[in-house]
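Here we start with a single chain on its own, the form predicted alone, put down as structure tokens.
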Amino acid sequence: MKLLVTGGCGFIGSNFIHYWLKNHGGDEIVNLDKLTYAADPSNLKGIDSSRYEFVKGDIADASVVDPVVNDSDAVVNFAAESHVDRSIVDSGAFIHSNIAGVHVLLEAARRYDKRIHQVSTDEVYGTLSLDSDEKFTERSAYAPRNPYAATKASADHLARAYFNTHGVKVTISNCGNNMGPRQHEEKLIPKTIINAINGSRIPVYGNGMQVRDWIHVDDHCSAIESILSDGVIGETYIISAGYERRNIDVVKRILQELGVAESAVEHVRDRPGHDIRYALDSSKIRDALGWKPSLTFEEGLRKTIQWYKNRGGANGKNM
């Protein structure tokens, strides 16, 4: 199979390319990436060039998208603006990539009769109460509360509309927070690790009691693999390892692993409209496709910390 991976120089996309080529010896991958600030071509260092091709381009540019979609068997869309803080300051780039770009991909998939998998987020469902045991399921109503989440929700709705209206072979996955190698340092876990290694203060929004549903990126990749292999066209699958953790507890665990005092934590002004809790029920993908995570939260976090330590800190680059 020849896969078109969009956004393959970013965090999850690059890990997926490494994962797929390692586990699917006869397959090839074309990576279409615009190379924004969060993308790093060095994330794909060591990839077998005989089975990998890089194309620089914007998923919202049909003149670039059409030929690479036509030449592929399936599309996996990781390309997205993803940092909530940036969407609050200026949502224009998010609307361009996360909505207009997905529309262009869906049009190409319709035109050339290709399968497309849309990689989405738990943030489309909104927020849950801290004193609730409720979890989001594939049947939960969409209720995005920040511009980033709203654009991802829009993309999911477009994908479903193209399945229902045009018969495009669409699947969607909604996943929680990822940890692992090659993540941009603006995110909570790499920022905490890097600042701790460098002896800098560790910023934590508000009281840090916000709860997130964590998964190691390798387990996310294996879940997408299961969907591509056995998932039902038109269906949505929630991906979760089931590890709910408060942000402050994640930070403290990292500091403990690195031998850094908790006094390094600095509570900063909370994000506007900050969602308090995400929690996901992944029963569907586990029961229907037989998927399950391979790493515990602690194992995944240790692997992530070690990766950054081995590279000396900032964004995986030696300092």
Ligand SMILES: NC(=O)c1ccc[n+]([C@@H]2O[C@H](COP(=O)([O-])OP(=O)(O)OC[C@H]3O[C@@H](n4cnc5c(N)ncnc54)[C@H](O)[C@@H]3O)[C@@H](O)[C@H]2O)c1
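One-based numbering along the sequence shown. Just so it is clear, the model here is predicted, and its values are computed rather than measured.
One more form of this protein, predicted together with the ligand, exists but is not displayed; see below.
- Contact check for I47: no non-hydrogen atom falls within 4.5 Å of the ligand in the predicted complex.
- In the predicted complex, the ligand sits beyond 4.5 Å of every heavy atom of L258.
- None of the heavy atoms of R277 is located within 4.5 Å of the ligand in the predicted complex.
- At the 4.5 Å threshold, heavy atoms of K34 reach the ligand in the predicted complex.
- Taking the partner from elsewhere, no residue among S72, A109 and T171 has a non-hydrogen atom within 4.5 angstroms of the ligand in the predicted complex.
- Per the 4.5 Å heavy atom criterion, the ligand in the predicted complex is contacted by stretch 147 to 155, the sole one of 199 to 207, 147 to 155, 225 to 233, 160 to 168.
- Proximity to the ligand in the predicted complex, taken as a non-hydrogen atom within 4.5 angstroms, holds for one residue of T127, S82, N195, N247, which is S82.
- In the predicted complex, the residues of 40 to 70 lying within 4.5 Å of the ligand by at least one heavy atom are, in order, G57, D58, I59.
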